[in-house]
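Only one chain is shown below, in structure tokens, and it's the form predicted alone.
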């Protein structure tokens, strides 16, 4: 079994390598698809003019830009991420927008110290499911919040409640047997179990933990091109992880099965499937 430090280093290597490449390449399309989900969590926070906000897993900066617009020129937003290539893209966008109240910094929110602390609010859009030691990570995050401050994040519900993942995953599993992985191992769906997440937050010292379940449409592609849709679903989610080391022959077999599986699901707007998320909110006690 890998140690906590080994798990953390594996996450750092992944998000500074192949994962960052695909996110930067597809940044605009992914931001359009994810923005409405992030806004669900933003709505649970007191994002008033002049507020101070920590954005965990800011990636290419879309959420940091949105938060900075909400708190205005007198506010402070710090966006942190372990992916330095993605942060470089985020900084380009910040400069283009001229937002002096926004700063991006590399770092692991599980252990980092934040000079802008204390914050009024902590936000994350799918950025908190990858901690090697989540209780310790959320304790560190809570330490950066002022007493009475608020936390809100959005994370995925189980795979079975996310057709955008479940459909391509079923095709891939006809061809690939993935290595066993504990359901609570760091990853995209590690916060799917609300009881586990509630326990993590309570142990980290948060109170008033609440969950909202939301179902939405999720645009994987925005054109009716079948080849583009096949490429997209084979790169994302568990399907992409399972195929990471597949050879060309295996990829060709999966493509041959994937095309007829998703072709009936593509419309004029592209490949749009359902998704299910938790919006989790909590408070730092006074």
Ligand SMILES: C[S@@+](CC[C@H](N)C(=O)[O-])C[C@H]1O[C@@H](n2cnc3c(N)ncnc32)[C@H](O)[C@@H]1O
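Positions refer to the first chain, counted from 1. Since the model is a prediction, treat every value here as computed from it, not as a measurement.
Heads up, the form predicted together with the named molecule isn't pictured, but that's what we're talking about next.
By the 4.5 Å heavy atom rule, the three marked residues 170, 218 and 254 all fail to count as contacting the named molecule in the predicted bound form. In the predicted bound form, none of the heavy atoms of residue 191 sits within 4.5 Å of a heavy atom of the named molecule. Under a 4.5 angstroms non-hydrogen atom cutoff, the named molecule in the predicted bound form has residue 127 among its neighbouring residues. Remark: residue 108 counts among the residues lining the named molecule in the predicted bound form, judged by a heavy atom distance of 4.5 Å or less. Not displayed here, the named molecule is kept clear of residue 152 by more than 4.5 Å at the level of heavy atoms in the predicted bound form. Between the options 86, 145, 165, 102, the residue in contact with the named molecule in the predicted bound form by a heavy atom within 4.5 angstroms is 86. The partner is absent here; in the predicted bound form, the one residue of 82, 197, 90, 121 having a heavy atom within 4.5 Å of the named molecule is 82. Look at 68-76, 108-116, 209-217, 174-182: in the predicted bound form, residues with non-hydrogen atoms within 4.5 angstroms of the named molecule sit in 108-116. Residues of 168-188 that come within 4.5 Å of the named molecule in the predicted bound form, judged by any heavy atom, do not exist; none qualify.
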